[in-house]
Ligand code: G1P
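Next comes just one chain, in structure tokens: the form predicted alone.
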Amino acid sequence: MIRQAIIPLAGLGTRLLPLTSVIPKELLPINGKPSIEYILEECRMAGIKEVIFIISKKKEMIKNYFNKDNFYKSIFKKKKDKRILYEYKKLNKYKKMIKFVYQNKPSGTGDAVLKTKKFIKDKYFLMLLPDDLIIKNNCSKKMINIHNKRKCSVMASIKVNKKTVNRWGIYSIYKKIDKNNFYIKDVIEKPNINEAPSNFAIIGRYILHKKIFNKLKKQKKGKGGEIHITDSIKKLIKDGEKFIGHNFKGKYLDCGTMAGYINSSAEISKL
């Protein structure tokens, strides 16, 4: 059973400057709601009971966002606004799910994941990357269902244009399970078009075995001087750990760039 999720939030969000010079990108509103709330709702609807936020001291505004009890209570005394009461109850519900861990030095997603090691209770956990929104279908829920059936790690996959494979981590496919799922032979980070083994790319949803922590502890820094989760995943696959790639049915929205952020608001407003 997958009961815990981790969400790395310590990144500076430089691709969304100047907005992120004041507000963490995860609190930027998308159609009137901070993007992190879409991720939390996906977790809640997938049956997740605890979410570990990995933040830095520079992003404590995220922690404050979920801990404004006195602020809301002072407003209630002055006026009985049902909308504000609804928002307070929603935030309070999320607050009970969230635990905070700090990564004050930006050293990559792999390093962020390693910070959560002592808090992970079960063999497997879910990881979501906040820049990747998936709407119209609960990708995490579907992946958990696959994990429950196959008892192994699962990663989200999307078919991309062959001309753009050098922008993505690309799967090398070992064996197809059905039209939406396959066993992964390898993961190749941003291959050249002629070297890409497929055009199925990694999207920010992962179910990982806690063995990943042992790999991350020994993992050397990669591109940009950071510890990359993909490098440790490759080692687990090489050791024989089974990974399934899941071609999800929802609509993928990239919120990590200015163009993607603007497009996400437009797409979600249509729902």
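Since the model is a prediction, treat every value here as computed from it, not as a measurement. Residue positions are given as counts along the sequence shown, with the first one as 1.
Another form, the form predicted in complex with the named molecule, is not on view; read the next lines as being about it.
Just one of 122, 189, 195, 87 comes within 4.5 Å of the named molecule in the predicted bound form, counting any heavy atom, and that one is 189.
This chain is drawn without the named molecule; in the predicted bound form, the residue among 162, 167, 117, 150 with a heavy atom within 4.5 Å of it is 167. The stretch in contact with the named molecule in the predicted bound form, judged by heavy atoms within 4.5 Å, is 203-211, chosen from 41-49, 239-247, 64-72, 203-211. At least one heavy atom of residue 132 is located within 4.5 Å of the named molecule in the predicted bound form. For residue 56, no non-hydrogen atom is located within 4.5 Å of the named molecule in the predicted bound form, even though that partner is not displayed. Within 4.5 Å of any heavy atom of the named molecule in the predicted bound form lies no heavy atom of residue 219. Scanning 218-239 for heavy atoms within 4.5 Å of the named molecule in the predicted bound form gives 228, 230 in sequence order.
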